[in-house]
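First, one chain by itself in structure tokens, the form predicted on its own.
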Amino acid sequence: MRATIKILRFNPEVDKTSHWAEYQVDTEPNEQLLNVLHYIKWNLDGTLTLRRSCAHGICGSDAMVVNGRNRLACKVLMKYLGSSVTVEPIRGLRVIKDLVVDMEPFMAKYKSIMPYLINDEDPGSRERPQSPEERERFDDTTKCILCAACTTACPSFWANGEYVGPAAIVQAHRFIFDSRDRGAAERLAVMNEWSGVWRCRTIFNCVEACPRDINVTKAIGEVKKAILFDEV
């Protein structure tokens, strides 16, 4: 199949504003969009800049806006995109160059929820046990790969950059409901701040954007209930 790929380009060294660049490529219907972008970079325009690593939907580094939706370039095939494809950087974060954005503000919000096990109790001579039911309580939110697709699809985040965002709330959920953890109160205090979970307007963009099919809005609702009713 022959496809037209339009990419929103920006080089701060030479550009005052972003502009569209168009490329014609011959590709296979089952080809990953990521490989098409590789072809453009390696054969048509070496100045194109993008992030990628594993190419298997695990690292989350190649999140971008594809035909208006947040996607991982490695997880979408050309046959589902058609012969005309638009590619833009994810929204709400500063563009460093082309499809590369500054992830530091996003990662700062992730770090703010203390994304690690908090438990000073002596585990004794064995690992801290956990039943299948206890694990199931937070299993969905362990799937997050920190691609930022959910957060940068969120209108509340676009409107207020101080909002901690869906990804950070998902990560907080993962530990708040972990039976082995003892830091729920600290995390819920962060979630209860002005920039925390109450900024969510339940728009569901985050659910559609998540490449791991996490029910993000459900997790956010459960964190809200935990704050209100102490359901941890």
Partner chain sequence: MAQAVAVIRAFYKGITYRGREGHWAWMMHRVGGLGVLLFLALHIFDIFLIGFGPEVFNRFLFIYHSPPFRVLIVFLIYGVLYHALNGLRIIIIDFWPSTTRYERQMFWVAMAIVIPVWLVAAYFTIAPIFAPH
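Numbering follows the first chain given and starts at 1. Keep in mind that this is a model prediction, so the values were computed, not measured.
This next part talks about the form predicted together with its partner chain, which is not shown.
Trainee: Thinking of Tyr39, His56 and Thr141 as the candidate spot, does its partner chain come within 4.5 Å of a heavy atom on all of them in the predicted bound form?
Mentor: No, none of the three is in contact.
Trainee: With heavy atoms only and a cut-off of 4.5 Å, decide whether Arg69 touches its partner chain in the predicted bound form.
Mentor: Yes, Arg69 is a contact residue.
Trainee: Using a 4.5 angstroms cut-off on non-hydrogen atoms, would Ala184 count as touching its partner chain in the predicted bound form?
Mentor: Result no; Ala184 lies far from its partner chain in the predicted bound form.
Trainee: Look up in the predicted bound form whether Val87 has a non-hydrogen atom within 4.5 angstroms of its partner chain, and give yes or no.
Mentor: Outside the cut-off, so no.
Trainee: Determine whether any heavy atom of Asn215 comes within 4.5 Å of a heavy atom of its partner chain in the predicted bound form, and answer yes or no.
Mentor: Close contact exists here: in the predicted bound form, Asn215 approaches its partner chain to within 4.5 Å, heavy atoms only.
Trainee: Quick check for you: of 129 to 137, 113 to 121, 153 to 161, 100 to 108, which stretch puts a non-hydrogen atom within 4.5 Å of its partner chain in the predicted bound form?
Mentor: In short, 153 to 161.
Trainee: Though the partner is not shown here, which residues of 71 to 109 have a heavy atom within 4.5 Å of its partner chain in the predicted bound form?
Mentor: Arg91, Gly92 sit within 4.5 Å of the partner.
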